[in-house]
Ligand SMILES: Cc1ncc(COP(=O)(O)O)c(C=O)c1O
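To begin, one chain is listed below as structure tokens, in the form predicted on its own.
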Amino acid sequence: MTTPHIRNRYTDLIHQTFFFPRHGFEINDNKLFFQGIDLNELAKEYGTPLKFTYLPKIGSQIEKIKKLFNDAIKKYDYKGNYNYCYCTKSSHFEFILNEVLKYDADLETSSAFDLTIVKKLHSEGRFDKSKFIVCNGYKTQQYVKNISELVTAGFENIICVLDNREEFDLVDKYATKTTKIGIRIATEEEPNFLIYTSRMGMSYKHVLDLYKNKIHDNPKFKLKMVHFFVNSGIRDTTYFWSELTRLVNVYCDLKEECPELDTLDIGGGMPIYTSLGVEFDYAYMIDQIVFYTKTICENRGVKMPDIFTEFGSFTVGESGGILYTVIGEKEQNDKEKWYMIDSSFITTLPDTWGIGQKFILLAANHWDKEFQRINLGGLTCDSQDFYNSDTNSNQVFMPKNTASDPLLIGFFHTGAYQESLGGYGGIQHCLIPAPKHLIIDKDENGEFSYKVFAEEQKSDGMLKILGY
């Protein structure tokens, strides 16, 4: 009887542990390809650290959700429309908004400067005045001024969502033309959260009073939307479904008093893949959202609302990635080995140390080599500048490194929030420069195109910011 061969190559580890290949990842000659792109050739051509955005993923995400909602609407004969809104706070870059708007998405904003972007897009013919703009967030004076300016300029579907009762007086002060408004309902947080009720939005107990006392008889306003936002996002959990049914009933309560109300905005994003070891049934969750909404409205004798969703991370998250080269090794004791990358996690992936966010992490080369447990260290002198745990596992395994052919590693689905949280173009921790950023597109013939959006940050730019 022969002893079976022990599989300890990195390729064996990945194939035995995860669903692989999937999500655009595949292996060719022991090298990682992403969406058909040879990442080793990419690193050779442009160097590392290298951030990249794969634009076609944005459109495919939008089209996926639109199809699933429209399929559910048809299945249940739902008497309302669906609108896909992109949350601009996930990524404000011009190349992102350009791609989003190609797929007839509407926008959700969070602050005054967001609306400056809207003005710019409109002036260049990329955003029509008839498209929806859902204005969320706590309203400052400048934010309300900008909303009023757009309404006056003829943006007919801008909706100012009230976060609190006092906000109405500020909006009333600056409104010069009939303004569409929404009301954000505060959701109950998950049982394990630090607080019971979200700080955003207002208690449903106050909504009817606000409508009857301040909105109903004011000719400057039309209440069009009830909005709620579940912080955990749309998940197939008892918590989410209970909040959805509770808040659809709040919509029905208000609809019985306000005939003009016709829209339900379900805030909270769809989950994205931050691990190869999970699966999400998007079709089922969307099916149930439409089913629950229809059933409750029919039982209450209320006309079904148009459904809006606000997806930021889902829209852009899976389009992003970053490549690093292992430039050194350290062995601190018998058990702890460190691979030092040529950048900083604090600089380039702030979510990894700020909130413990995990991303898909894969070696880009050496898949045929033996793997070992390691920690990843960044270049700063901060003790938090490390990454040493994959999703559902307190360890990271990587192929053994060789000095003659350094290991190339990639973090994937990083396209949301990292640039803004990391202080894009500003001062980085320990003055570690922001990496080069590459935009990758695909033409109608399936050919890739590459454009450097930003070169690696230079020292003279940092010195200027610092006043030298």
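The first residue of the sequence shown is number 1, and the count goes up from there. As the structure is a prediction and not an experimental result, all values here were calculated from the model.
Not on display, but discussed next: the form predicted in complex with the named molecule.
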> Of the residues K139, R184, K180, H366, which one places a heavy atom within 4.5 Å of the named molecule in the predicted bound form?
Replying inline: R184
> Looking at F308, Y143, F229, F132, which is the one with a non-hydrogen atom within 4.5 Å of the named molecule in the predicted bound form?
Replying inline: F229
>> Given the stretches 312 to 320, 122 to 130, 172 to 180, 329 to 337, which is the single one in contact with the named molecule in the predicted bound form, using a heavy atom cutoff of 4.5 Å?
In response: 312 to 320
> So in the predicted bound form, does any heavy atom of P350 sit within 4.5 Å of the named molecule?
Replying inline: no
> Can you check whether M270 is within 4.5 Å of the named molecule in the predicted bound form, heavy atom basis?
Replying inline: yes
>> At 4.5 Å between heavy atoms, is Y417 in contact with the named molecule in the predicted bound form?
In response: yes
> Looking in the predicted bound form, any heavy atom of K358 within 4.5 Å of the named molecule?
Replying inline: no
>> Suppose contact means any heavy atom within 4.5 Å; which members of 62 to 95 contact the named molecule in the predicted bound form?
In response: C87, K89
